[in-house]
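Only one chain comes next, encoded as structure tokens, the form predicted on its own.
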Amino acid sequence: MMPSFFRPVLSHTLRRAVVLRQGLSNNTVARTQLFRAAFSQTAVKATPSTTVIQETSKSAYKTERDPNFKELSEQDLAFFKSVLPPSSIVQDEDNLSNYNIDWLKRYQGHSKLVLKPSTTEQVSKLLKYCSDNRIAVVPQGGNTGVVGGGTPVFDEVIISTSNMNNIRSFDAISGSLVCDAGCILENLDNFLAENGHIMPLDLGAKGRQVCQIGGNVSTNAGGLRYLRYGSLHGNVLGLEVVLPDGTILNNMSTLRKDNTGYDLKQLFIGAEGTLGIVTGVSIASPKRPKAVNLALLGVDSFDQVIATFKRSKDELCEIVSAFEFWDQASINLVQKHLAVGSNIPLQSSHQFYVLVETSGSNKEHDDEKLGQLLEGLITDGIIQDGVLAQDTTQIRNLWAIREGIPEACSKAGAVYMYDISMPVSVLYKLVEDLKTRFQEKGVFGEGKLIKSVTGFGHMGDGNLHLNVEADAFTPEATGLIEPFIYEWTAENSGSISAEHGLGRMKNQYLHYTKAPEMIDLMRRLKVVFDPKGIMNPYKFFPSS
């Protein structure tokens, strides 16, 4: 049972409003609305030979269309129509915009053709033809990426996996799930819920309702519960991949142990479609927890966030499943742009907020451990405020606050978004140093070039999501941020991309994380699998 210490009476004594046992009122937190990006309906005209990329988070640079890639002909279209039915081919400009423009509307390509195969064999025929004729290809899943990896740059043919959405098999004993690459993450989780299991990956409300498992694998997506279940490198049991020459690489093992030669599937996890197209996934699904608790806490310094994290790991051990944090500036954006922002359940504002989730099989046991943790935290003055969800609806509502931050950022206008990882001890220092840099330049504050800097992320895996709200996307603003942010990350033993990948946004900065020898080896592997370079060109690697 939760100790009575956490009942509201505590607020009379310490004036901290720790209503950890009271829970949330029925009208406390409005659920985040599903974000549906309105894609531009601008007609796509003749393919340019040069694209000037001026996206929200990198300096403008010119990318030339590779003249070795063939432009589509009527003969090519005739072949594609011999493989796919008319309903699986998109050519009209209005519908093409949904595939040419990413959901954040930062990257726009000029593809004139989208192919939507339903089987692995169809993918094989399409890729072989494209390879033989040197037609550039962009694999695309749910188009929910944020670094431009899933959208074309020029007139590359888009091969969408959205029609490949069947669950092939599920083993209730081992928990192994085998499915097509186009299965939507939330649909898979709902299927597993009916069988007492859970997907090891959760990308939040907007992400899981649209993203596809093949895209998750191809970008090595992280997510909210990485702390508990780990990365896709550990959870993926096998893959089915079509190579650029049409070869079907069938490695759809459901075994947890297979120590026979190179573990080739690992090459395709996080390869962003540059080596082939993932068409099938075999993944380990853990048992769905029977008892889930979620606490939202308010603290007044990042040192207290770290202290809360350390104590949570020490005292909750095996049942802690998520540990998220965000700063006051993040909440300000949520309150400004989303309905959920008007219903933050804490009685006062704080410099930082922490979301601690536990998942286990024995509610009484978990309640006791969490109660002891929270009692110790408040007694020692580490946390100042908090609420504890009392049912699944309140759990969803609390998560909606955290999940609403990226949506609020996307609605703020000119927001430079960064996804980086570093040691937890310095996780928030980059936010502070960037603010100081802007202040010293005299460009920080309302009415100035830089309006705000926000930081939130996954404390458990050292993943910071840093956002800079600017007056507009300008070379001056970009120059103040880059390459400073990447240099700082490199100096602090971090990675320029924690979970979003490289795509078009970060490929030019790969050298800040990978040594020249590693980049060279990656290029050589690319040539082995894709000697003609047709797979997702102009991305991933720095331009030569």
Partner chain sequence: MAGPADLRILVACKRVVDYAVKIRVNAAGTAVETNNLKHSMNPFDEIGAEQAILIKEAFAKSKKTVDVIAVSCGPAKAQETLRTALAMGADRAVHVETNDDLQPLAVAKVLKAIVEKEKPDIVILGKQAIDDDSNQTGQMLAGLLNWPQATFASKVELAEKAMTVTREVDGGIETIKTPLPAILTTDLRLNIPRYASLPNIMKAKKKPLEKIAIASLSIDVAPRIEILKVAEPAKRQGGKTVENVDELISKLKNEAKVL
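Owing to the predicted nature of the structure, the values given are computational and were not obtained by experimental measurement. Residue numbers count along the first chain shown, from 1.
Absent from the display: the form predicted together with its partner chain. The rest refers to it.
Specify the contacting stretch among 160-168, 394-402, 86-94, 455-463, defined as having any heavy atom within 4.5 Å of its partner chain in the predicted bound form.
Partner-contacting stretch among the options: 394-402.
Which of these residues, P152, P117, G386, P139, gets a heavy atom within 4.5 Å of its partner chain in the predicted bound form?
The residue in contact is G386.
Could you tell me which one of S425, S73, T379, S82 places a heavy atom within 4.5 Å of its partner chain in the predicted bound form?
By the 4.5 Å criterion, the partner-contacting residue is T379.
Flag this candidate site as yes only if A172, D202 and G360 all have a heavy atom within 4.5 Å of its partner chain in the predicted bound form; otherwise mark no.
No.
Please tell me whether any heavy atom belonging to E318 falls inside 4.5 Å of a heavy atom of its partner chain, as the geometry stands in the predicted bound form.
So E318 does not count as contacting its partner chain.
In the predicted bound form, is there a heavy atom of its partner chain that lies within 4.5 Å of any heavy atom of N343, even though the partner is absent here?
Yes, contact at 4.5 Å.
Decide whether E469 counts as a contact residue for its partner chain in the predicted bound form under a heavy atom distance cut-off of 4.5 Å.
Although its partner chain is absent here, E469 would stay clear of it in the predicted bound form, with no heavy atoms inside 4.5 Å.
Residue contact check: S231 to its partner chain in the predicted bound form, 4.5 Å heavy atom
Flag for S231 set to no.
Which residues from 364-380 come close to its partner chain in the predicted bound form, meaning a heavy atom within 4.5 Å?
Those in contact are E364, L374, E375, I378, T379.
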